[in-house]
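As structure tokens, the next two blocks hold two forms of the same chain, structure 1 and structure 2.
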Structure 1
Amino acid sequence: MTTVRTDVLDDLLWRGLVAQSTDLAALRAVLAAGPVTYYCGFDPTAPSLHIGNLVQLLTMRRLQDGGHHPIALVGGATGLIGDPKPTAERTLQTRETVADWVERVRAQAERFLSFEGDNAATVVNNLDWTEPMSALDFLRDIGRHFRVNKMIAKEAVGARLQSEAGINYTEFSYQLLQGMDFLELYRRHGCTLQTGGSDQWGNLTAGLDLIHRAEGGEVHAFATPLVTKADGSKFGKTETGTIWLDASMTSPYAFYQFWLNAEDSQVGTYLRIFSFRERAEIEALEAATRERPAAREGQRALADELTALVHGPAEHAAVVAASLALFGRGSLEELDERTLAASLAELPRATIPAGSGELPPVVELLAETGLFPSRSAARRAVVEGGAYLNNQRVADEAAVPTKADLLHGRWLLLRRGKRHLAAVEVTG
């Protein structure tokens, strides 16, 4: 028999992972009574999941670790439609694109769940039960249970109805499809709990209502909070875009740096939501962040744990080595080309076409990369001992790098003082 932890809901509440819920007392009772089958859906709206989705994946794993049975639903059907955005109509992707993204998202979701033991995870695709259904059957069996006045009360739908563009019927029907998912999983797997982000609360409750109307069943749902930055802006967005879980879309180095650069005021929230550390250790890291913010202990703990979790221990070791090497505490030459390129890609840079002959003088490169406002300022820094090429202090203001200095035949690393970095790339 699977051992069910009775404190799993208390742990979720302490971590701030329950922003909205149906009857909390009833949910506590069913979670404590025995293994509960629960699900969370992931629509393939891009080739990769992002760190907003990671909140749901880790919440699923916490429930599984508590003894409950997870179902990860990949939306091959709902991904063809798209949850309505409050601001604009979604662009519909081709069936071939969505099918490819389904497999990518499925593979990512599987990495965070266990497929062994009595409560082994299950992965399903809602296209399997949606595609065979005729339009008439959908309207008769599903549509008749939905009330339009409740559907238009959903925040995103209401916003679109007030806009000039309005909302098309395809997007409006998304609630019915997601509600039908819960009904199918209830019938097929005895699923009685759905989790999701708080922006999905209207869709979560649509499934609750449908099961109650169609089957007379009592089921549950809770929503995690939308994680934001200190200024209230969208979590996981940077100047260069979304933080993806796919290493080809966000490099492990950039992923590591995202957590390392987290705002002090948000570290406690992020640790509770994303870390699997015990409560005492998290509270100690929160205290350390308040008392010794310059040490960035909380940020480093987040960066280490999540990079290893998402990208694996080998990639984590590589990005830590790169982080140290960039600031002269490790060997640049020992970094593999992919990790070095990813780490330097985050820096201001200058480019030099290949085959252009001798490389420019160091002072010219220092100015061109923006490390110094002018060549004269760069010369003064060299004289004062504050300029570095590949972590070696530049002693001669007339120094010119050679092709032998190029890291992997392509890169130079420049540094001003201890902290300010830039890169030079030979292209072509």
Structure 2
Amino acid sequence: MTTVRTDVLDDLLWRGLVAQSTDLAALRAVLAAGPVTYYCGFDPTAPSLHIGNLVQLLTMRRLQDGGHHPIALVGGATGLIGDPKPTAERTLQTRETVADWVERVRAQAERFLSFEGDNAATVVNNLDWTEPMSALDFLRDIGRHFRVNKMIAKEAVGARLQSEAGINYTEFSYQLLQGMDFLELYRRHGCTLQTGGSDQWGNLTAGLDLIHRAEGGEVHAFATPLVTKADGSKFGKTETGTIWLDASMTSPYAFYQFWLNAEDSQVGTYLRIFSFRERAEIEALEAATRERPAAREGQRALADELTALVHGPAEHAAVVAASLALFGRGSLEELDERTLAASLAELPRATIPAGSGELPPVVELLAETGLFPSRSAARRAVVEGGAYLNNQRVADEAAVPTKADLLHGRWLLLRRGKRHLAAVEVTG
């Protein structure tokens, strides 16, 4: 018999991970009474999960560390339908695409859970019980428990009903499918708790109601908060786009830099949500950030822990070395080739053939690497003193790099302003 930590829920509350929940006292009681089987679903809407999903994954892990039994659900079925967004209809992906993404998402989710011990994680795919079901069974056994009056009151659905575009029947049905998932896991695995993002609250309660009606069962749910930036804008997006967990979609370097650049005012919040450090340790980091913000101890701790967690210790070490090299001014020439190549590998780059003797002008390279949208913009930046070659400010807008500028005979490091870097590789 597995013993459970009795303070799991209090820890989650302290971390601000419970934005909404069913009866909190009842939830606390069942979590304290013994191992609870809980689930959280991940729909394959892209080839990779992103750091928003990380909130869910880590919350699952926290509950598992507390002695409870996790079920990670991948939405092979729900991914074919699409959860209604308040703004617009989702593009239906092909079955092949969804099947491919399901496997990718499954592999990613598995890395954050433990498959050892009494409460080893289980992974399920809702396509397994949804696909075999006939439309008639679905309508008779599931559909009859749902009141349309309540369905249209849900936030995302309501927003779409107000809009001119409306909502199609496929997306409207989504909450039934997610409700059915919870019912199915309740029946098969005795699952009595579902977690999800707060935007999922309507779908979480759909399952709750269904289990109550169909089985008379008493189950629980809580939603994690929507993480935001200080200005209220969406978390996890940068000018270059979403921060993905897949290293080929967001480089470990970019991932590390994202956390390192977290706002001072949000570091504490992020640490509570994403770090596995103990409360006392996090509070110490919060204090450090308040007292010595320039040291960015909180940001460093966040970046270190999460990069190592998501990309592994080897990648973490590499990106820390890369960040130090690229931002540590003046020492570029002394870097050994392996470290330099690894650092530059993380950056956007342009490749030019060695061929004829002359290298292109700096202005052209700045535009070519995407650091500037046009040569005019690059030229202006040079005049303004905002462009750098190998960490040296470029003084002349007509400057042309020479062979002597090439680091280890083939690399150039370009920078725009203080923190936008790009590499040029001379091949051949």
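Under this definition, the rigid core comprises the largest set of C-alpha atoms superposing within 1.5 Å between the forms. Here, a residue number simply tells you its place in the sequence of structure 1, counted from 1. Since this is a predicted model, take the numbers as computed values, not measurements.
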Eyeball the pair and call it: which is the form predicted in complex with the RNA?
-> 2
For V400, is the C-alpha shift between the two structures 2 Å or more after core superposition?
-> yes
Once the two forms are fit on the core, has R338 moved its CA by at least 2 Å between the two structures?
-> yes
Against the rigid core, is the Cα displacement of G312 between the two structures at least 2 Å?
-> no
So if we fit the rigid core, how much does the CA of L389 shift between the two structures, in Å?
-> 5.4
